[in-house]
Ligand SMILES: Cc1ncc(C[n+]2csc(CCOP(=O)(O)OP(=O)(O)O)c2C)c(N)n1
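A lone chain, given as structure tokens: the form predicted on its own.
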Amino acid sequence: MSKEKISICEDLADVMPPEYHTLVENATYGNGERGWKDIGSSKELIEQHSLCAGCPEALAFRYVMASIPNPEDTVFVGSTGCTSLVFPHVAIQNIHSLFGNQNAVASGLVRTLRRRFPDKKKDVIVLAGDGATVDIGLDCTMQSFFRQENITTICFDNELYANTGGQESGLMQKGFVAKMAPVGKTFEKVRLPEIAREAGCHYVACLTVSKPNRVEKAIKNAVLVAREVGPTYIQLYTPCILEIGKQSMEGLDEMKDAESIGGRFVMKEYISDEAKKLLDSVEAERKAKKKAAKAAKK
């Protein structure tokens, strides 16, 4: 998708809804400097959604969509769950896969795009919950890492099955009791970030979405590394406030508590040597452009 592709035909301009006119006029497609600060003014970054009031996933979705470096040439692959309720509201290309096979679909997609558009950079991003990523879809997730597919995998970690009533997931913390897990979790939270690193991911990050600038940097790093080097993985803590007994305004506090010293989601980041070399070059280029722009103003 690009500015050119979403231009309005003059003969149909008078019948197109005003919302679409605004989208065409104000979309951030083609803007290499876009980021989380554009959320309030860009319709393609989820103007509205059908998730619960105060849901941290809605916040995470907005940050992710605002942070991808090349939205007009990006395809998301989602899976059944709360995330699948938001994609219809996003003006970025996306595919809804079966529950758990999202990384397999993304593998075929990234290979097809590489052949179909050999001269263009096409980014494929998987976005799914902990059930699809770690439980039912673990095999497909791991195999895409093993094969070194050029895919960014983003897991919205609710620490339970939020979409179907609160069942236990592999990412649920030990001892937690949910509505449909009354005995409580009997084993530790699966350490997928560490597994992703051992499985060959070149960039791995684990964090909450309480700090948008931190999320933006992690997303951009992951996508750029996946594009040029190999698979990347990001785990974002997006607690289901309803299932953990919180009020609609308490999601942010829950995430801040989880990322405090000694918390489950203290920011963790792993970068392979090859990925670090790439990111260093990208940062050097960014600084050079900024310096040149500053000099041009004088």
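Worth saying up front: this structure is predicted, and the values here are computed from it rather than measured. Start at 1 with the first residue shown and count on from there.
Below, we refer to the form predicted in complex with this ligand, which is not included among the displayed structures.
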Query raised in the report: Does the 4.5 Å heavy atom contact test between Leu98 and this ligand in the predicted complex come out positive?
Result: yes
Query - Any non-hydrogen atom of Asn158 within 4.5 angstroms of this ligand in the predicted complex - result: yes
Query raised in the report: Would Ile151 sit within 4.5 Å of this ligand in the predicted complex, counting heavy atoms only?
Result: no
Requested in this report: Considering only heavy atoms, tell me if Thr80 and this ligand come within 4.5 Å of each other in the predicted complex.
Outcome: yes
Report task. Would you point out which of 201 to 209, 110 to 118, 219 to 227, 126 to 134 contains residues with a non-hydrogen atom within 4.5 Å of this ligand in the predicted complex? Result -> 126 to 134
Report summary line: None of Thr164, Gln143, Asn213, Thr186 but one has a heavy atom within 4.5 Å of this ligand in the predicted complex; the exception is Thr164
